[in-house]
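Quick setup: one chain, the form predicted alone, written in structure tokens, and binding and motion questions come after.
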């Protein structure tokens, strides 16, 4: 019942938001707060055994309604619930036309994300994968910026093509395993491992393209900066903190266990593409003046590091990826929350027009600096824990080029510090470019950022609960 409840809460709240539009924000807040409590309860009791549900859904096609929660699923379900709560708490109804529809679509997206992280039937996983995409498309195309139609269409085409490739791969695997549970996790692992090397190598391409687009890694990233720039900030938080994790989660949950020989064959290629993406995105971020596009390229670099670490196939690196997915979600959400406040006050995304925020909004400036330092993995912040594990895992892996990979990825850390400090110098410090009087953080904004800052410091000082959770 717990797993069903996690899916039912946002889904029912989404429907009720349309029926009772004046209560949409309260419904969204209550449902997401309950989801946080439930996922926390699951996380604290996961040592007692994973939760599992499996019921026949479309038995003639071998499809089950099957859910499973282990440590990785719990951590990402908790992240989904927490980020959703922060987004709903931060939203101001007056700033969003047709607010009830906006809340409802975000809640449908939350339902899809929860389903992705809990599904243990591949076709159910695919169903939720698409369910998470559809509301994001409408949110971006209706409430986005001036170029929203063009940008959203590009995003949709990228992800839709990737999804079709994944569907083709799933159908091929399912046809190899007739039965009422042909698409179950265990059935696909068994049939995938029984395939020839050539079959696994070919199928890997179909699946990985779908996941690479979603993360995204170079050269499948071109949709991301435009989408992040044009989408409403709440939607961008969902995209950057949660939806990009779908691709990396799918690699860990489905791709690596099902097609191990394909993973071994393509691993160096994926690592090289990921490292190119780290360096490319970091260099582009150094040149950015648009703060939204700056964060977008920063996110590409971080996801590239996690993807590279995943494919060195080292236990420490894989554990670090699980940790960093959660930590990055918190940090990138914090970055976007700060940017939304800045944009609401100053009505600009140009970093050159934002100098001197420390003198006009000192509370926001302190929060921004702490979140930015966490984003570049400063020790005693949450970003350091997972990133240290990533680099230690890459260095200790059996890959013949492990030292070269670590050095090149390490350049991304240096560049990350450079572009982040450059951004802080332009936006937070220096002479104020905009002299208009603005108010510092409201109570609502301070509450949202206080939660983010508390998580950054608490998990930076004591990360053991998350380390233990993701080890199951």
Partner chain sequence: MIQYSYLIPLFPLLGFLINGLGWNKIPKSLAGVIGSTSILASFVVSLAVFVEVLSPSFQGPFVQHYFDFIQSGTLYIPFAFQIDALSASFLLIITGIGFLIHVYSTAYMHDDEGMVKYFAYLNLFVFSMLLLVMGANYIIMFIGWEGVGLCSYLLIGFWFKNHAYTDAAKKAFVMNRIGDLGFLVGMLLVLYHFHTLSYQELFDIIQSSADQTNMYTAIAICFFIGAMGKSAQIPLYTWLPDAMAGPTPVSALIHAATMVTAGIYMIARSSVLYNLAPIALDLITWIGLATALLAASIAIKQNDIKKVLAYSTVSQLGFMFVAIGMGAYTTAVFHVITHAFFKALLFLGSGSVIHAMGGEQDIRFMGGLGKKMPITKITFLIGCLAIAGIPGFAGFFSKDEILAHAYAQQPLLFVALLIGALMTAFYMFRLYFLTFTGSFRGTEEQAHHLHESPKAMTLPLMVLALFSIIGGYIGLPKVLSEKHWLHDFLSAAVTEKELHELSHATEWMLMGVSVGLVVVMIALAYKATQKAQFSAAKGLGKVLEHKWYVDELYQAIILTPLNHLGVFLQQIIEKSGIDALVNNIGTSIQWLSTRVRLLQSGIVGSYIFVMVLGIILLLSIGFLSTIL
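Positions refer to the first chain, counted from 1. Just so it is clear, the structure is predicted and the values come from calculations on it, not from any experiment.
Separately, the form predicted together with its partner chain exists; it is not shown, and the next lines address it.
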Heavy atom within 4.5 Å of its partner chain in the predicted bound form - residue from 144, 247, 135, 329: 135
One residue of 159, 200, 101, 234 in contact with its partner chain, assessed in the predicted bound form (non-hydrogen atom, 4.5 angstroms): 101
Touches its partner chain in the predicted bound form: residue 362 (any heavy atom, 4.5 Å): yes
Partner contact for residue 40 in the predicted bound form: its partner chain, 4.5 angstroms, heavy atom: no
Residue contact check: residue 339 to its partner chain in the predicted bound form, 4.5 Å heavy atom: no
Partner contact for residue 229 in the predicted bound form: its partner chain, 4.5 angstroms, heavy atom: no
Contact segment among 219 to 227, 206 to 214, 344 to 352, 184 to 192, judged by heavy atoms lying within 4.5 Å of its partner chain in the predicted bound form: 219 to 227
Heavy atom distance at most 4.5 Å to its partner chain in the predicted bound form, all of 35, 266 and 270: no
In the predicted bound form, residues of 243 to 279 near its partner chain [heavy atom within 4.5 Å]: none
